[in-house]
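As structure tokens, one chain now follows by itself in the form predicted on its own.
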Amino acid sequence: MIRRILTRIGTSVLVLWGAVTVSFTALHLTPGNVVDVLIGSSIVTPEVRAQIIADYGLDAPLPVQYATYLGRVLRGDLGQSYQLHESVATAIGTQLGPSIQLAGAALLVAVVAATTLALLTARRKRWIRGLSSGLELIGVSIPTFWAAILLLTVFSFQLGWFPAVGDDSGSSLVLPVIAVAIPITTMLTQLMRESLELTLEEPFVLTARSRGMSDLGVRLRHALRHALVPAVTLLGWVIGLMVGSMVAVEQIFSRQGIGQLTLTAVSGKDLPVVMGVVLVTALLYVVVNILIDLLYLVIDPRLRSAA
């Protein structure tokens, strides 16, 4: 177990180092003067240009510039946005909360819905499983932005049940959460149902049934724990999918968040913000995968015994 932990820490460090290196390389491979690339479309004074050169060490050899940039990132200094007129860390920090709220709520809805659907459809009648599989195929095939527009049109413009834009109330979170959760729910449902069906054929399930345990009890107390393992494995990839989905969803519903900030930075050629978002996303990816490894210990008692 200790070896696994050390391996995970080493892999995480390599991922973060790779993200920093890619950001530095992108900065220097972008056509044009590095200072012009950093300030984007903003107009700055000669004093500010001189300060940028000093902060990034642009008058030094390239290895020294890389060491300077790496040191700044390790100190939490992601640079300055000369279009937003604030530090990149501040810009990301103010937008990170709404994105985490949206992602967390969508993930919770997806996990609960997928678990419920998998429990209700595993090893049921063929038409029930066929209907569920058809709905899952539709859900995973619909682009997130199209689902968001459809939800907005029906439940906001036509029925008026939820606000169309903004993030100032709990009701404004409902439609964005559903839009992000739809593809995640369909993928997790299919994976968990197949795992449940395999688990329900195991000998220990027959033993539990022979002791008089109800079908629901067998599914909840014995089969579900085994079905969660592959679903947890998929969560790391799902988080990456959610980041891409939130860019479109936050734009459609006019919500604050990292997706909205990234889109604005890309369209405005605000490279320091784009680089900062890349680094923060890599950090979140590492943290999520570490939490997933810890979640394995909660789900599988054999791993706890080995630890």
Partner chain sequence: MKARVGVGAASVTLALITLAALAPALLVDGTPDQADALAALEGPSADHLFGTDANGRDVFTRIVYGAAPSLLAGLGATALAVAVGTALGLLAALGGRALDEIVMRLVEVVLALPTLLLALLVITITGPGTVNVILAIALYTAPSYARLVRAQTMVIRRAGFVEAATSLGLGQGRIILRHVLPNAFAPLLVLATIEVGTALVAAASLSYLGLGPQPPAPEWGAMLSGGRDYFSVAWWIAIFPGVAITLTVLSITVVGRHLQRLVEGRTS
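Here the structure is a predicted model, which is why all the values come from computation and not from measurement. Positions refer to the first chain, counted from 1.
Not on display, but discussed next: the form predicted in complex with the partner chain.
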Open item on the list: Can you tell me if residue 157 lies within 4.5 angstroms of the partner chain in the model of the complex, counting non-hydrogen atoms only?
Closed with: yes
Open item on the list: Since only the chain is shown here, I'm wondering whether residue 247 would be in contact with the partner chain in the model of the complex (any heavy atom pair within 4.5 Å).
Closed with: yes
Task: residue 68: touches the partner chain in the model of the complex, heavy atom cutoff 4.5 angstroms - done: no
Task: Heavy atom of residue 57 within 4.5 Å of the partner chain in the model of the complex - done: no
Open item on the list: When the partner chain is placed as it is in the model of the complex, are 80, 92 and 287 each within 4.5 Å of it, taking any non-hydrogen atom of the residue?
Closed with: no
Open item on the list: Taking 4.5 angstroms as the heavy atom distance cut-off, pick the stretch from 148-156, 68-76, 98-106, 226-234 that is near the partner chain in the model of the complex.
Closed with: 148-156
TODO: Within 4.5 Å of the partner chain in the model of the complex, which residues of 134-152 have a heavy atom? Give them in sequence order, or say none.
DONE: 137, 138, 140, 141, 142, 143, 145, 146, 149, 150
